[in-house]
Every structure is written in structure tokens, then in C-alpha cells.
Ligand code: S3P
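To begin, one chain is listed below as C-alpha cells, in the form predicted alone.
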């Protein structure tokens, strides 16, 4: 699908963000691991979390869905059944990596497959530690899906220093550790999103400037009955859009503001963005708030590489914001972007260059020469079927001098099915 986007007549209004994708995945997976009944409200309709529900059904987990309400009868650690066919994770790296930790720990014989994009993403980072724990897991070329999991003779506890700041890798190891007699310890020196620890109530302690998180059979796994908050990663597109569009004023309701997710919020504030929060509260174990956004003059920034894990999914749209800052912005330490749904560094370099932005692509980042008066030229952008590329291109397009086109625009359904509807609502007089 090719989506045409016109220069915005205005940018104003109130939105309710789609349910958080990361928390939706985890709520369903952890509900299945529990021995209790879970009632999850506001579960995401996006394609990726639906892949998680489909896989759980194949594993014999009773799942009932009524709109955005999902009821899961937990089967406990020992209740998963061998599936009759491969578990299709679709485009979802979270489904594949977290489910691999659970099923490898449980020793369930199965095969996990994904679409072309997911099958090209490295799984070596989870294969290696799972094997160290005594789990049976094989991948194509020992790096890629399909993944084949077999029975094990018991999960071996280990201390595992995370080689990269990755919530998916951390979660995979901790989930496999839930099947071990002795605690598995994950050592995290650079913070990544902490939903897994929060939702499972896992024990942790400070370790130098980082922390150690533990999991074992002794951990009682709670039911997951709560309301999933609004997705901060979706909100980030409007944080940027509202900042760069003249006389904009937006309000986003009930957005998740977990400190391990909101790096982009604080980066934009450091650049001079005009944000405020109200109605602070909690949705289950996650903090939420309403966010107001007004247009602002942005300053350039040299991004600290230590902040990258906290804003990895928001970096593409942050690059858009930097195009409108008053000077040179520098991103480094972001090579992980090359291993997402597409090579997001190269894809964003192509999008920004096509629009006329002055940028320099680096191996692990980008240099962006911003201009508050930058007017993107009308372009046809290739999303590479990556939802975040499509939405970043759309935010860029609202400041364009003419009609832009975005190829593969339907990919936004992976995380934000209402994106194009919301964009039209906010920009049309």
C-alpha cells in the first residue's frame, strides 16, 4: 500500500495511544506461565502481540479474546503441550525470543518460524546463552530462524553478564532460568526496559552501577490481571511531531511512562521540547500519565551512547527531530539499529537524504545538520516494511512543501493500527 501524505493544515487534538506492545506480549506469556487465571484489559490489537496469542493457543494454553479483553487460564511451568505444527511468530522478535526462553527452559519439542524479515534477524544472541544453560536449541546456520527446540535434562543455573543492553535477551535468559533449581543471575550494567522484572516480581539487587536480576523455580509467578498502558513508543512520534510543527498543541492520554522506556522524552526535553505531564497514576505495575506537547525551538544534541538502549525504538523519529534543530546533532553507539526489522540506520539515512536533509551516515550512528527552517522536499519514501520507518517518514512529511508517498505503509499495523487515522485526525482542518 502506498500512503500519500500532504503538508499538515494544523497539528492539534487529543489521542489515546494504542496499548503498549512490549507489555501486551509479556502479559500474555507470563499469564500462561502462571497457575492462575489472568484477565488482561486493553491488550494490543497490533499484529505482533496477536502472534503471541496464536502461539500460546498452539501450546495448549486456553486463551479467550473479546475485543481488547483477553482471558488466559494459566497452565504453569509444566502445562505447555507439544504443538502439532511450527509456531509462527510472524514479524515479532519479542514473541520469538521470549517464547524461546520459556520453551527451551521447559524442554518443549517445537519449531519457531517467522516471516522473511524476522528470519533475517540474528537469534545467535539467545541461542548461545540457552545452550550454556543446558537447553537444546538449534538455528539455521546457528544464527537464524527457524529455531528448533528439544527436550533438556534440566536447566543449569548461571551468572550471565549481558553482552549488549537488550531487554529481549535479558528476558529470554530469565525466563529459561525460571525452570532451574538454583537461581540464574543476569548482570545488567546498562539499563534496558524492565517490564519483565516488574511483571514477574523478580528479585534484583544493585551491582556497582548496574544490577543483578535472579530467576528460578522458587519464584511464584503472579497472575497478570491489569490494564495495559498506552504505548510510549507510539507516543514518541507525536512528541516529535508536536515539537517540530508550528503552533502545534497535542494531548496524549494514559501513556506508559516507565523510566526504562522514556529516554526519548528526556532527550527531547534536553533539546528544548515543551512537554508537561498530568493525571499521573498506575496501570497495573506500570506508571502512566497524560502528556501535553507544544511546538518548540529545538537545539542540537550529542547523544550519550549510554542512553541508546533506553530509546532504541524511538531513535528513527528522534532523527527527524534533529533535522529541525538549530545545528549539528550526533548519534553514536547505535549499531543495534542495523539488526532490527530492517537496517534502520541505512533506511533512515535514505529517507532523510531523499527529503533533502544534510546527514552523514556512520557505522554506528549518524550526524545530522539541522535547520529550524528545513522544509522536506516532496519524496517517495521506502518503508522497507518496517513500521517505525513508515511512521518516521510520515512525521517528516507533515513539514514537507508538497505531497509525499510512503511505500508499504500498511506495515504500521505491526505496532500502531490506528496511526494513519490518528494522523488524519490531527492534521486536517
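These numbers were taken from a predicted model, which means no experiment stands behind them. Residue numbers count along the first chain shown, from 1.
Just so you know, the form predicted together with the named molecule exists too; it's not on screen, but the next bit is about it.
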Could you tell me which stretch in 211 to 219, 143 to 151, 309 to 317, 286 to 294 has residues with non-hydrogen atoms within 4.5 Å of the named molecule in the predicted bound form?
-> 309 to 317
Could you tell me which one of 125, 328, 77, 156 places a heavy atom within 4.5 Å of the named molecule in the predicted bound form?
-> 125
Which listed residue (334, 167, 173, 352) meets the criterion of a heavy atom within 4.5 Å of the named molecule in the predicted bound form?
-> 167
Contact flag, residue 262 vs the named molecule in the predicted bound form, heavy atom cut 4.5 Å = no
Should residue 340 be counted as a contact of the named molecule in the predicted bound form, where contact means heavy atoms within 4.5 Å?
-> yes
Quick one: does residue 22 come within 4.5 Å of the named molecule in the predicted bound form, counting heavy atoms only?
-> yes
Residue 91: heavy atom within 4.5 Å of the named molecule in the predicted bound form?
-> no
